[in-house]
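This document starts with two versions of one protein chain, written out as structure tokens and named structure 1 and structure 2.
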Structure 1
């Protein structure tokens, strides 16, 4: 068990002669002991790279990794006591399921008397008890992935368990089951878990804290609620939530921010420099109003639980989420924003704003 600290981690993969491209740029991050974290981001944003750096499969180009207060940057993977589960199932083909699960323990020289009950415990947790004596290569893809998960969970002395999109190959109905099992397991054993995924539902259901990455940077760390209500970057707004946040170009005058041709009643606290000022508002915080910004309704998607309405104002397209019970105004529809959840972004990053009187 350990608190994992990343200090100024940067990484670039060796490229022959071309300019150095940073797969990770400058990440400093503390993973508290016992936390359930999700590392969320689109493909190619450096999630796996970061994970491999933590587990020691990769050595970072710059920066240090600390477990509690020990610098482990130069320490080997097995000495770091990290468990890691990969995207595609890795099983040792010629071994039985039992031997697969026992493998990490055997390699560490544990006595048989400890291995056997431990393996049975994990097998029971993952519903593998019946296939313990079978050869691992005969199992289906999700059976194999369960073995991979089991090998990650079987060691009781690990500092952290890292999951690299472990449920990609699993059937949807099993996905739910396994994900809640993981969460339950986390509550039981209390080991730090870091879960890499590009699926927001997966991240939000599993984790206490979600770390959102974008183009090699950590753009926001927060609880699912924080990410939803206060996206610190327009990327977080887009990426989390379905549909994503509306981001609208705007400008300022003496009355504050003007957007879609009207004054929003919002000003930037400290007028900053930078080029582009934008307004971000989630579809959930846009509503039809008697007075407000006149719009034209383009499209209504009825999703059953709610309706997603696409409206157009001043040449901009917005999406809004309307409760199923509410009808869409047919004549001269107008919309308003919930100003508590309307944020200003300069060059993509959120800036402090306040409402005008």
Structure 2
């Protein structure tokens, strides 16, 4: 297992003499030994590029990669002792499940006395024990992907296991089972794991820390709770949560921040001129309040345990998450924000309270 340190990693693809195109902007991160991390972001944000740089399939244009204290920037994938699970299952269809799981161990010359108990141990973790004598060709897509997971887990000498959207081909009703299984496996084996996905549910279920990426940059690293309650960038607020964070234009005066025609008093002094200021508040922290901001209710979606209410104020659309038991005001509705979870953003980035004290 290894602590993975990224020092000033940047990567660009050949541009045929044109302006250099950076797939990854400068990234410096430390991911602790034994941690479970998810790289989360939309398609094209650089997740897989970063994963391939960590595994050694790509060499970064700039920067260095350390496993513990060893600089592995110039080393091959095999020398890094990495196991990688790809989007589509990679199995040997003509082999049995047992031989598929045993292959990485046989390839390293381990004796049968070590291989057999290790394969049975991993098969039990993945609920594959009853399939060990079957050919892999007869398994479903989720069964084959379990074999791919097992081949990564069966080796005890790996520094990290990397997952590149491994549940894409899995039926939706089976995804939650494998998500839970991956979390359980990490707790059992304790190997450093990095999981690439564009699905926030997968990321938040699997990872202890989520690395949110946008346009080649890491915009925030945090626990699921931190990303929900304290999004450091408006993209994090938009991307995580359903519905995403409300982002509203605002301005400042001597009393602080004004939004939707009222003073929120979020800051004590005006930030620099020429910056785009916005207020961000999640739908869960907007509530009906007789003394609040007058709104018009546009739409109510009843989702069972809660209602998603769309309201409009001062030409701005907001969404609210309201408990199922709470009635929606039919006359003169007004709303307020929970100011403990209402944040000010300058050019997309959260303005820290210490900056404005």
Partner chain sequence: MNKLSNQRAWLFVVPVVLLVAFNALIPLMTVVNYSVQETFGNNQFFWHGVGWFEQVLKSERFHASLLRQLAFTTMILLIEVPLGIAVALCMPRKGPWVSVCLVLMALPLLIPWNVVGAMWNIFALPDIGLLGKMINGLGIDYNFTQQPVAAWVTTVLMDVWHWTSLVVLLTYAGLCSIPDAYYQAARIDGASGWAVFRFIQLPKLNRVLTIAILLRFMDSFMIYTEPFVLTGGGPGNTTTFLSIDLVKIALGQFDLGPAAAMSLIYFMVVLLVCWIFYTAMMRNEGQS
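What we label the rigid core is the largest C-alpha set whose atoms superpose within 1.5 Å from one form to the other. Numbering follows the first chain given and starts at 1. What you see is a predicted model, and the numbers here were worked out from it, not measured in a lab.
Between the two isolated copies of the chain, the second is the form predicted on its own. The chain shifts as two rigid parts between structure 1 and structure 2, and residue 218 rides on the same part as residue 315. The smaller of the two rigid parts, set against the larger, turns by 11° between structure 1 and structure 2. On core superposition, residue 123 has its C-alpha offset by 3.3 angstrom between structure 1 and structure 2. Taking the core as reference, the Cα of residue 95 moves 4.3 angstrom between structure 1 and structure 2.
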